[in-house]
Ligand code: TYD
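Next up: a single chain in structure tokens, the form predicted on its own.
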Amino acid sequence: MNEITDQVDNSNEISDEQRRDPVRLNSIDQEKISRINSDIKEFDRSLGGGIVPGSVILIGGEPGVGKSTLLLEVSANLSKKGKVLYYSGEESEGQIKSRADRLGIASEDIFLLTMGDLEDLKISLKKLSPEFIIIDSIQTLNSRKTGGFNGSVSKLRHVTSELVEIAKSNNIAVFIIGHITKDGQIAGPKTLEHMVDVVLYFQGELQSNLKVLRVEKNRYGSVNELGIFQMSATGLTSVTDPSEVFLQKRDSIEPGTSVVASMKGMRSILIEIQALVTENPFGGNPRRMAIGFDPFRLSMLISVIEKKLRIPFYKSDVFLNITGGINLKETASDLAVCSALISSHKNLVFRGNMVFLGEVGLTGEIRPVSFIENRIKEAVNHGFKKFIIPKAQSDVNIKKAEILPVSNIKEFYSIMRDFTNKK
């Protein structure tokens, strides 16, 4: 109590100009957020509609996934709207120019700074007065004011806080590239994410041309948005119809596959779920592995199937994969996951194109999902005709859609057997 009193008494030493008094919430005018379009559709979609001046945007990803290519293309478009200061601590000016020539980028308003430090960046900032700054990468940006080696937690925290101050005080949009460690984190234990306004992850298999820009944090928009690109020799191209890309190889339907219409922001995307259920030859604890899906929820759904349908999984290894490098976090995909698991276990193949929508509860009930009409319309546009959905939403009326409502997992399994063949 004495310490608090002493702190209050010491407040008299603060001048009137320095003192900050509380402000009544109702007296504050709502700030209108203006945005700048990069003219790259999927990039702007991920940011919630465009770039907010004064924001700090962190883009993480594994080395070689295409982060530098993405931001060089963004720089080319933004240079038509203002000066871009591009810092690179990993590539020389000649290497960046070579990539720009390959991408067909030629701009008088992109300025390169290579192999410098934070103090050099501040000097260039005063000379150029850019509207946009790109840091490639944050691990290579040094500061003479801090000790330690490049990429250390203390140095990263100092450099990032300085960049945030530059962005906010000068109303400059700052893009930061951060490499992902072996643990899948950016520059250590969440060092940067809490300091910036937006966190994006650029993902994709190095052997695949399909790349996904996933939103992890966004103070100016939804965290459920997803940007999808295709990489070619001439750069990245926005994918206008992601469902067609993810389902392009479904000419031959095999056991263990199902389709769900997932919501990413306000857009519905058709995604294929693949399951492989095999007998564990060694006994002991069977494996439960999932890529793009919560492994704990997978174990829960397996337990529900065992309890309610008497289908044994205790001797089987289970592998689940969400195709295209997508992460499915919403519970609306539960029914599709159950369908893929049962299909693989029983070696069943679906007749016709079907989509599964529904959350599965612990008692086996099928619960409603959000935006069900948007999901069904997207699937109908891609040729799907049959939809197994929660009975509570059976009043959905969409042309060319055959609705098959179910209230629990037993009813679902009964309908499922009517539309499958043993392979």
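Note that this is a predicted model, so its numbers are computed, not measured. Heads up: residue numbers just count along the shown sequence, starting at 1.
If you look for the form predicted together with the named molecule, you will not find it shown, but the lines that follow are about it.
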item: The named molecule contact at Pro63 in the model of the complex, heavy atom, 4.5 Å; value: yes
item: Any non-hydrogen atom of Arg102 within 4.5 angstroms of the named molecule in the model of the complex; value: yes
item: 4.5 angstroms heavy atom contact with the named molecule in the model of the complex for Ser38; value: no
item: Distance check, Thr234 to the named molecule in the model of the complex, heavy atom within 4.5 Å; value: yes
item: Options 366-374, 23-31, 55-63, 384-392; stretch whose heavy atom lies within 4.5 Å of the named molecule in the model of the complex; value: 55-63
